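The chain below stands alone and is given in structure tokens; this is the form predicted alone.
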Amino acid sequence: MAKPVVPEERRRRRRPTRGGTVLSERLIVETALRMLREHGSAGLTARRLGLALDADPSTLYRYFRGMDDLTLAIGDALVGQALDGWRPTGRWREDLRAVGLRIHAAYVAHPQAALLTTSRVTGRANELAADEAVLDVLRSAGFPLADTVTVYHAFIDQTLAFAALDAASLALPSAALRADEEMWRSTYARLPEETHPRIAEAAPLLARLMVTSAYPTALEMLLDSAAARLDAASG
């Protein structure tokens, strides 16, 4: 059975850790993000997290029901980082572009954490704020409700899918990542026109573009499609 989370007001009255640190959800999440960045998901355990915080591992269960609950909090923290400082301008396309790029960047900045959290639904405050913001941008722009939900679904899933894909590449060992990137300049660039004419003609562009994220391009294509839906609904 999951352990109950102690209310915030009771947690604040707890004594500091052995090292004098006063624990908080934010500190635990920030420490977990650092451990993921340095050691990967295999290195994030309650025992290791307790050692990093100079606290008994059991103390963590005063803040989170378990490591999965902490994982959800990490994902929500990344969404919070993405939303920090963003304000809607009233121009729906620019607003969605900004939100999408911010969310993608926040996850890609923490590749190991992204691999753990992009497929999860946290139901936490920052995720709810992001969902509310995207839906409001679309509805305020005049999208019918059905189109709003359709575009929202595609927008969120596309953003998270590209974040997961790009994070997976960045989480590779550096030698493997370099080898993958070099493949476009070696194997693909050297294919003969006689056997692979389309790859041969595209090789220079492939070598330049395939080592970068396609998310900005895919986002613009989605926004073009959304604009066409809005025009059709308004016509």
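Here the rigid core means the biggest group of C-alpha atoms that line up within 1.5 Å when the two forms are laid on top of each other. Throughout, we count residues from 1 along the sequence that is shown. Keep in mind that what you see is a predicted model, and the values were worked out from it rather than measured.
Same protein, other form: the form predicted together with another copy of the chain, not shown, and the subject of what follows.
In the model of the complex, another copy of the chain sits within 4.5 Å of a heavy atom of Arg139. Residue contact check for Val22: none of its heavy atoms lie within 4.5 Å of another copy of the chain in the model of the complex. Proximity of Asp84 to another copy of the chain in the model of the complex: non-hydrogen atoms within 4.5 Å are absent; the residue sits far from the partner. Put simply, Ala161 is close to another copy of the chain in the model of the complex: some heavy atom of it is within 4.5 Å. The candidate spot formed by Leu128, Leu165 and Ser213 lies fully in contact with another copy of the chain in the model of the complex, as each residue has a heavy atom within 4.5 Å of it.
A heavy atom within 4.5 Å of another copy of the chain in the model of the complex is found for exactly one of Met67, Leu27, Ala202, Ala52: Ala202.
Shown in the overlay between the shown form and the other one, fitted on the rigid core, is a CA shift at Ala42 of 2 Å or greater.
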